[in-house]
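So this first bit is one chain, no partners, the form predicted on its own, shown in structure tokens.
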Amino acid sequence: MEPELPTIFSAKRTSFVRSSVIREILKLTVENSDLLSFAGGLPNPHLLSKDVLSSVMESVVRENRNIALQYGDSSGYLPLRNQITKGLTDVPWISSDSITITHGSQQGLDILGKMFMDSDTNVLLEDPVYLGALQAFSPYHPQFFTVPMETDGPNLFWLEEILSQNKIHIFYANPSYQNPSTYTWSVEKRKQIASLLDEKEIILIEDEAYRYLDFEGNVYPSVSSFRKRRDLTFVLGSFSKILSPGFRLGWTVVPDVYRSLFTAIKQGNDLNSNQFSQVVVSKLLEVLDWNEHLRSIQIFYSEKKETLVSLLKEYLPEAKFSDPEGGMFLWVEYPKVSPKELMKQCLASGVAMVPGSEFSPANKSSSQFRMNFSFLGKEEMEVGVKRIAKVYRDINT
């Protein structure tokens, strides 16, 4: 007689955990090398010099072994925090003590979810919203509100309506080259929304993972830089898009009043972020011509974006999208087809995109798909777009 399996036990909050179709597609991509994926937000791995990286890593092992191979400060490696303070954030009240190094900006989202969110918390999100934020926040079961996005940022009429009719505690926003919509807030909207948040005493979680990926090299001022309520302002940054996701390093700007709590929660997660990676990244920031490095990424991604735009115009003129100023994605609408059917048939034909429903708190249906252009080569992109076009035509005949 077969023994009975024990009843699976888990906390109630696990019923609110969201899976990621993006990660499932990435797994499929690893298992099937013929699958052409526009799905993942994958930076191109060839934009960091192999020779520079090898030299820096050898230097770390040779000169900084005792530090790099040991536990570190829970807030992060001090030289790296100093470098972020001086060159990678524009919040005027910043200091190295304000910075906590995290395992990617994703860990920062998780810690902030633990700190602030439960079933009594009202969280305002952009619509659409970054899937990773939904995954980080959903287990704490906050009440989600959404504000529709326009090409220059949130719709101000609806934002003011939501704030006047509801007690919003937190606003999570991704103002520069938003993932997935690629929309970028105008400077005027940044100022207006910063003022509104101050007036309503709302915590801002500003995710600036794509801040330095403007195709022309522009850098927008953060929303946080316009706020007076520094005690209600958190800013997330990431090295994943400007160096490599393999380091798994990001940072969070934390107001004075919350530093001890933020650090204590992080210690419960991991004690400290990857010390070896932190020392390597700090050395890289020392030896790289940073402006030249960023400009090389920006130019490369601009060219890749133009390639995907021209391919869609050539093979699928029915597709609709805004031409982004920066970032790694196109937010493409495929009209007159079922998104589920399009995704299913595309995967069967060896090509993948992320359906827009994944970027909605309610998983509402969407005719839009997020398409990444930073990773695939030109020839692969063309094959992939041709496959999508064939599927689209087959569904519509």
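The numbering used is simple: start at 1 and walk along the sequence shown. Just so we're clear, the structure is a prediction, and the values are computed from it rather than from any experiment.
We do not show the form predicted in complex with a small molecule, though everything after this point is about it.
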Contact with the small molecule in the model of the complex, heavy atom within 4.5 Å, among K266, K241, R227, R190 goes to K241
Contact assignment for the small molecule in the model of the complex, among T233, T184, Q278, S105, heavy atom within 4.5 Å: S105
Determine which one of 170 to 178, 156 to 164, 308 to 316, 73 to 81 lies within 4.5 Å of the small molecule in the model of the complex, judging by heavy atom distances; exactly one does. 170 to 178
Any of the heavy atoms of Y212 lying within 4.5 Å of the small molecule in the model of the complex? no
When the contact criterion is heavy atoms within 4.5 Å, does F137 count as touching the small molecule in the model of the complex? no
Please run the contact check for D207 against the small molecule in the model of the complex: heavy atoms, 4.5 angstroms, yes or no? yes
Can any non-hydrogen atom of Y301 be found within 4.5 angstroms of the small molecule in the model of the complex? no
